[in-house]
Structure formats: C-alpha cells, structure tokens
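One chain is shown next in structure tokens, namely the form predicted on its own.
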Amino acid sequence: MLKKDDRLTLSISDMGVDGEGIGKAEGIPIFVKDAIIGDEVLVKILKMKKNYGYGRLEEILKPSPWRVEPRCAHYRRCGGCQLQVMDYKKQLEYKENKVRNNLMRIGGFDGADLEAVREPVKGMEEPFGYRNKAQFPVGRDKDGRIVTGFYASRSHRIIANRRCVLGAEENERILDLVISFMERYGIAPYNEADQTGLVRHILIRKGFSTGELMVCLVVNGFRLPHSEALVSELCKLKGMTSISLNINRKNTNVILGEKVVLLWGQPYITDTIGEIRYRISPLSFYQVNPVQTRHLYGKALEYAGLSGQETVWDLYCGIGTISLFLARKARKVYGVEIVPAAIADAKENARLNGIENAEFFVGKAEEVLPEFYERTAGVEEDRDGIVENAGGGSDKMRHPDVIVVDPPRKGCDERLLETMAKMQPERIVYVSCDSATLARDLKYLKGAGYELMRWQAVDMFPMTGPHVETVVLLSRVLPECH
C-alpha cells in the first residue's frame, strides 16, 4: 500500500488540469509536477488520498522523446510555464485531445462523429513573446532587496524574474526603471503579512499592432511620492502612451482596485484585431494573445455565417471584441456583459469604429436574456414583420438568427441554455475557455435540438499549461415533417 515518503518509479502517461504529469502505481494515479508525457521518473510520495496521490520529481530516469530544453531558467520554480519543456507540437496534440476527451466523456459525443467535424488545432508559429499584458507582483527577497517577477506555483512567494520569455520585450526595461525608482526614493513594496508598504503590482500592457505601451502601478495608497521622476524616465521609452496608478487598499488577492488615477498621457492604449480598433484601459478585459485572438474571433465570425441581414446576440461580450467583429457583417448585434466599465468601453469602441448597429446591455447574461424573453412574450406582429410591445424589443430579438456565447470558465447556467433553446436561433457559436463545462453545455443543447457541426481548439496560452480555447458551431435541427 502506497504511503507518504515512499519512493517509486513511474511512467508518465497523461497530464492533469494544472499541467502536472500523471503516472499510475498499484492502479492509483500519482500527480507529479514538472513531469511530462513519456517521462520515466523517480518520485517521492508527498501526500496520499484515497484514490490518488501527489509526488515530487526527484530524478528523470528516462526523458520523454518530447522533452526539450526550456528557454527560461526559472520555469520549474515559476508558476506560469508548466509545459515549457514539452515539444510544442506535442503540447497542441495534448490540448486537442483534452477537448476531444471531454466532449466524449462529459458531452456524450461519438468519437468518429467528432473527428468528422473537427478542424485541426490552431497553434502559433512563434509560441513565445506573445502576451500583451503582464501583472508583476512586487516584494522583498530574504535579503530585503526589492524584487518583482511571478509567484511560485500555489504560493505568493515571488520568483525574481524581469525577463519573461512569454511577454513583450519592453517589460524588462520598464521593470528595471520602476524598481530603480523605488530604490532611489525609498518607496517600499507592499507586504501582505502586515499590509504595509505602497507598491503591490506593476501592470504593463502593449498594443501589438500600434506599439503603444501602458504602465499602471497598483498601490496601497492614494498617491505615489516623486511620481514625476518615474514619469520622466518612463516617457523616454518608445511607444509610452499611458502611465497611471490603480488604488487598491483592500486586504485581498484581487490585483486591481476600482479607481484609476492618471499620472501622464491617455487613460488608455489602442490596439486592433483585424479591422476593428479597441481602446483598452487598465481595468479592461482584453485577450492576452493578439495573434490567436484574431484567429479565434475570425473563426467565430466564420461560424456565425453572416450575410448582412442577421440579428445576433453576443453574450458575455466584454468590451465588445466579438460584437464589433460581428456587427460589420450583421444587421444588428446585441451585447450583454455584467461589468459596467466593460460596457462603457464597448460603446466607446463602437463609436471609435463608426459602428452604429451594435447595442449593449449591462447585466448578467443568465438574467438579462431570460428576463427579456419572458417580458416580451405574447407580442403582436406589425405590418413590417417587426414586433414591438411595451416590454421593448422585437421578434428578431426574441428569435435571433445567431447567438454567440463566450462565458467564463464555469460555463452557462441552465436557465440561460434553456432560454437560448427557446429563442430558436438557426446557429449557436460557443466560444469556451474550459472544455469540461463546454461539453456539459453542449450536451444540454444537443438535447434541446441542436447539432454539432464544426469545432476547433485554439491555443491561446502556449507553454502555460493545459488551458485551451475552443470554438464550436451548433445548428438547429428542424423537426421532421410527417
């Protein structure tokens, strides 16, 4: 019987949800951080549960044929790049298999049917240097020196590293300037233990298509002493567009507070995806991988099959990223998002692009859509075929041609799925960041009369673990005539 501190040899045959290797001993899965598929490893058992255990990698006895040299020396200690030692083609195969297996196991889809409508996983030609956003915690090392970098896995211990190989190359110079400024003027980093100190995080964003840079210091206060000196140095960097403070005085793991104070420049940077231009503030949600975002949203648009006459609902629309893509090809787009600031950004982005056929609503999609559908029941059609009533909306709103949904990791709740099915759109395009909840929701929609027509996995996060986006096209199955 396996127990803590046992040492054993494992052959790694699978990988877990956090990118850890999985090997079986006595039929029990053992999770091993830093091991990859194909490795033969010596492991020390750290913890045993009833049906699984955790082990520490002590030695690689026989390396996997897919093991490669990592670009970053910190990859084992940093919590960000679990898959950097795995050949990228194998990463893509692993991620696509994860989606397929969830669709079969949870969604109840047949493997051969899935293969018939699968489009090959979309990876990157250059899977490094792709992140347009990074949030670096600031603290002190054991010798009292100010450090920044990333947290070690499952901890708040900072691994000092100013040159992340996944981020923009400008990040390192910006971090050097900020840390040097803090040292020169005696500005203390935040201390989580006693909630003292000022600078908590350094947020950096880059518009890859415009070259515009944003620096936002998250601070445990209302001002930054000697900020003019920092601004003077940062402004020398090519592309610097926005420098601000974000006020966060709460004892919380949430990085950003609600208030932003502009120190210099504009309160936003701009970037483009395809032909659409977006304004991005420190608080805006914007996909971190612009290359793959262009493909993901382009694929969603392709699956929507728009000819210019369609009415579309875009649920969980954020700052309107997908909505504005769709609006260029649709008659009317309605976007729903719970975050008021995101809806304000969406409206501004529509104005910026001269798009007048997109309308946005603040609220939970799982509340807004069902309440709208129920409120507009029993309407009467006018002579133009457009239905209006005191509850607002039209028949095309109640029965749109297309619904696009891009929910958070938890997926859609059943009330929303039920309403989507009642609205009977011809097509549903589902963009998902979690293939397990995607599979669960597709199972419901399949039972409600929708057929899976096409699907593709899109790797938005190379090197960083098993996370993968998936875009799916569902088509309504018309009842047979008898």
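No experiment lies behind these values; they were computed from the predicted model shown. What we label the rigid core is the largest C-alpha set whose atoms superpose within 1.5 Å from one form to the other. So that there is no doubt, residue numbering starts at 1 and follows the sequence shown.
Same protein, other form: the form predicted together with a small molecule, not shown, and the subject of what follows.
The putative spot formed by Tyr297, Cys317 and Lys364 is fully lined by the small molecule in the predicted bound form; each residue has a non-hydrogen atom within 4.5 angstroms of it. Residues placing heavy atoms within 4.5 Å of the small molecule in the predicted bound form fall in a single listed stretch, namely 400-408, out of 216-224, 239-247, 400-408, 258-266. Just one of Ala188, Val339, Val117, Cys235 comes within 4.5 Å of the small molecule in the predicted bound form, counting any heavy atom, and that one is Val339.
Only one of Thr321, Gln91, Asn132, Gln84 comes within 4.5 Å of the small molecule in the predicted bound form through a heavy atom, and that residue is Thr321. When the small molecule is considered in the predicted bound form, Gln287 lines it closely, a heavy atom lying within 4.5 Å. Put the two forms on the same core and the Cα of Gly308 is off by less than 2 Å between the shown form and the other one.
After superposing the rigid core, the C-alpha of Ile179 moves by less than 2 Å between the shown form and the other one. After superposing the rigid core, the C-alpha of Ile30 moves by less than 2 Å between the shown form and the other one.
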